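Shown below, as structure tokens, is a lone chain in the form predicted alone; questions about how it binds or moves come after it.
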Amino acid sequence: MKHLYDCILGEKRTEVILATDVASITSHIETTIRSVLWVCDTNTVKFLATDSQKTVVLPSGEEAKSWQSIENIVAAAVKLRLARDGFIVAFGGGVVCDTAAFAASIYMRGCQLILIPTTLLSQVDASLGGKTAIDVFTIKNLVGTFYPAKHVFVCPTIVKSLPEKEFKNGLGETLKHALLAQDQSLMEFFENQQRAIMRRDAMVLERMVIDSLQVKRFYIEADPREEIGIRSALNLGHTFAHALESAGNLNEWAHGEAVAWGVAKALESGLKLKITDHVFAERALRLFESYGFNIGYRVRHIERFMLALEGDKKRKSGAVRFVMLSNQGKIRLETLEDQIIKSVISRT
């Protein structure tokens, strides 16, 4: 294992560690930490050779981001007599990481937390930054906290075994990071290394994950609690995406695919308002299309989508703010008229 860096979020410090395989991570935790409660799901539990008395198994999928899951984790922690210096260890994708982290943040007003993200999406998105959440009233991530993990173990080789759909799900967020980077090197990487990425070359995957995380690190260290607007950049595409997911009852769209679609809608809105550079937008849209994302999807139940948009947690002074890009890594927050929103989400 290799220490990559410490991510500093205000007074909190997250140690980010690169691992070559899962076995080395689990062995390290089991031999160095006395009190541990593992949280996984029905997909990842098979990779854990741990005591069942110290393991909470959540359902796979978005439905696990619920109050019931939080109760199950807390009940297991109480039964295990986990103290504040004990660790809740999340071993799974974004749903497991978000849910377990939220439970850790409120158990005894905060116990220790380790994240072991097992999907591409969770490695580049849910692993770093401290956001925790569950879904309430079919609104995605409505209830949550800021609670950075003490340790994050990143293992890009896990990505090689993901189903094609899940791998593509993660690509949506990594491509988003390419647009947010301060230079075009990550975008050029995705353009030039597409074949190697799609065949999941080990060295290419490692670079993709590490470089994508560095983009996220840049924004979250500058604005740990999303209070001054810098970190909001990472919400690029998410306002559109979360409304699409909520309108589909959180089970019709994979998050990464919804984000890719949402980024495209933000770019198209920027073009309509003459905010976004035309050459940059066309290049970015081509990139998403080249990786097979359905950025031309047309919303049919427009009013349902608009109602879901009203529940967006990024509202300020009663208005929903959208992250827009003027060019590479250049963001601005804008409110959009309903007419603009409807025109881009229903455009064929």
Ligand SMILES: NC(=O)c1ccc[n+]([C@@H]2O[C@H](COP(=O)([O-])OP(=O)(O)OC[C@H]3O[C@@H](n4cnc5c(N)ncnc54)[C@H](O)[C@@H]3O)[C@@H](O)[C@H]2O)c1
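Rigid core: the largest C-alpha set superposing within 1.5 Å between the two forms. In this text, residue numbers run from 1 along the sequence as written. Being a predicted model, the structure only gives us computed values, none of them experimental.
Beyond the structure shown, there is the form predicted in complex with the named molecule, which is absent from this document and is the topic of what follows.
- Of the heavy atoms in Gly61, some are within 4.5 Å of the named molecule in the predicted complex.
- Contact annotation for Ser69: none of its heavy atoms lies within 4.5 Å of the named molecule in the predicted complex.
- When the named molecule is considered in the predicted complex, Glu166 lines it closely, a heavy atom lying within 4.5 Å.
- In the predicted complex, the named molecule sits within 4.5 Å of a heavy atom belonging to Asn141.
- Contact with the named molecule in the predicted complex, defined as a heavy atom within 4.5 Å, is made by none of Gly237, Phe293 and Ser346.
- Just one of Ile158, Ala181, Val74, Leu82 comes within 4.5 Å of the named molecule in the predicted complex, counting any heavy atom, and that one is Ile158.
- In terms of contact with the named molecule in the predicted complex, the residue from Val204, Leu162, Ala264, Ala254 that brings a heavy atom within 4.5 Å is Leu162.
- With the named molecule left out of view, the stretch that reaches within 4.5 Å of it through heavy atoms in the predicted complex is, among 116-124, 183-191, 264-272, 146-154, 116-124.
- Residues from 33-72 that approach the named molecule in the predicted complex with a non-hydrogen atom closer than or equal to 4.5 Å are Asp41, Asn43, Thr44, Phe47, Ser60, Gly61, Glu62, Lys65, in the order they occur in the chain.
- If you fit the rigid core between the shown form and the other one, you'll see the Cα of His242 move by 2 angstroms or more.
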